[in-house]
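First structure 1, then structure 2: two forms of the same chain, each alone, as structure tokens.
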Structure 1
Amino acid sequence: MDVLSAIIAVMLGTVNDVLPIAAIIFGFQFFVLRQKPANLQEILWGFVWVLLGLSLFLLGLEWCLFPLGRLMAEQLTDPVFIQGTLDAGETVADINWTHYYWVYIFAFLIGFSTTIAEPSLIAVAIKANEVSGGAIGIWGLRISVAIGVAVGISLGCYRIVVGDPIHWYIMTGYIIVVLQTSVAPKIIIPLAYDSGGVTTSTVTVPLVAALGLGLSETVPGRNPLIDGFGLIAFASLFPILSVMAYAQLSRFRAKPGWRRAENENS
């Protein structure tokens, strides 16, 4: 009964969230465009499946992904576990950022794997491959974005451990983005900027957010509100750098598709 009541409560909340979207869409369709969709029945069934899918997804976040991310962060930063990484002769007082290397490794791997599985990134990569005539490889784009997210989340975890202000990292990152934009192939720049947004979606955000909160709660001297958030910003910034680097590497290797695509767009 507890499970059933939780599902009903989440579904009612989802209905309240989706109804304004449905009202806007159907309002424009019937009162502005004054046309009835030919596949109205399919659209209505689609909304039903959206409501059901969102409800189950939200339950999955609450019962699985958020607790899992926080649990992993707590275990990897547990003082007993950290003490096991100390070398002979070192004491608890000698613990510093280098002893949290398992946190950085976990952050890198979870960032890479969740991004590779991100449905929105897969869709963007397929379309980018189509419109570029094959110059932008599907797997090349997915892997470059995943590497950017992995590096960004690892660096974000390092920032939480050492307690540095987040704005210095973000400002430095965007300065590099601006400089890299001036030398990157023109056909990749808009896609690179969009790549940061497609990574912050259904799979990546829950685990990354939970990881940041769990890390800030267990590392001594950190505030979850100040230090726990911000990993998503790193996950959005670094894919821009990695995708432009992927394009520059592809152009350096003189891939014919890049030359042709650049000539067509010049």
Structure 2
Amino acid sequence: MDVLSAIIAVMLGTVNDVLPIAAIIFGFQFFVLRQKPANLQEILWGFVWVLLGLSLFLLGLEWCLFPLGRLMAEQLTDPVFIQGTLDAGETVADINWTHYYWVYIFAFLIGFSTTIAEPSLIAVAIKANEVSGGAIGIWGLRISVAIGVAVGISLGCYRIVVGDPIHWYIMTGYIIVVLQTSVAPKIIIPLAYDSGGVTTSTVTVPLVAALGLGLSETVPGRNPLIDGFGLIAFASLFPILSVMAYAQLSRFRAKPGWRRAENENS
């Protein structure tokens, strides 16, 4: 019965989140547009599926992924674990950024794998594939975004360890975005910008936040309240770069769909 009451509690929470959205949508639909969508019944069932799906998804994450992921983030950033990576003859004073290599590897892999499972990214990828007439592959987009998040989070962890100010990284990143925008295929630019925002939602944020907090508590001289934040910014920036790079590579390989999608531009 524990399971059942947990499901109901989570579902009520999800209903609470969805309610304002549903109110706005159906309010405008009936009072402003004053028309019934053609397949109202199907759409309402769709909302029920979304509600049920999101509830189960969140509950499942709370039971398996989040506790394990948080525990791992804590253990990997634990001073005792970090000292365990010292070579013979080195002392605690010798710890530098290279001794946190398991943290970077974990950040990379967890960034990649959670992004692959991110529902809102799946949604955007389905839409982009449909709209581009297949020129943008669902998996191509998801994997390039995931690589961007993975690189971003590992670099963000490195930044926390060495203690550089965050804005130098972000500014450099945006300068590269500007340069890449001028050479990337036109049809990918809005989608690439969007991928920055979609990557960081349900699955990635809680784990990444735990990693940032654990790391800034462990590394001497870091303030968790200042340095713990900012990883999400890294995770939003790098997908923009990787998605534009993906489009440049795809065009380079000259898939015929690209020309078609670009010609529709006129």
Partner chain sequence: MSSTLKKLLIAMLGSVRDLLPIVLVIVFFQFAVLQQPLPNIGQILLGVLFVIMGLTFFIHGLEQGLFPIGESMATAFARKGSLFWLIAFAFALGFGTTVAEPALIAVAEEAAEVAANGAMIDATEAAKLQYADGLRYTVALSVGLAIVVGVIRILKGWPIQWFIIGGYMLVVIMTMFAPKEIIGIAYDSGGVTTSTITVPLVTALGVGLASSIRGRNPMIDGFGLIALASLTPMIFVMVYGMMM
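By convention here, residues take numbers in order along the sequence of structure 1, the first being 1. This one's a predicted model, so the numbers in the text were calculated from it and none came from an experiment. Take the two forms, superpose them, and find the largest set of C-alpha atoms that agree within 1.5 Å; that set is the rigid core.
Label of the structure corresponding to the form predicted alone:
Here the form predicted alone corresponds to structure 1.
Whereabouts is the hinge between structures 1 and 2, that is, which of Leu121, Arg70, Gly111, Ile136 sits where one rigid part meets the other?
Answer to the hinge question: Arg70.
I'd like the rotation angle of the smaller rigid part against the larger, computed from C-alpha superpositions between structures 1 and 2, in whole degrees.
Hinge rotation between structures 1 and 2: 17 degrees.
Quick one: CA shift at Pro79 between structures 1 and 2, core fit, Å?
Its C-alpha shift, to one decimal, is 3.0 Å.
Rigid core superposed, I'd like the Cα shift of Val10 between structures 1 and 2 in Å.
With the rigid core fitted, the alpha carbon of Val10 is displaced 8.6 Å between structures 1 and 2.
So, with the core fitted, how far does Leu19 move at its Cα between structures 1 and 2, in angstrom?
Its alpha carbon moves by 6.8 Å.
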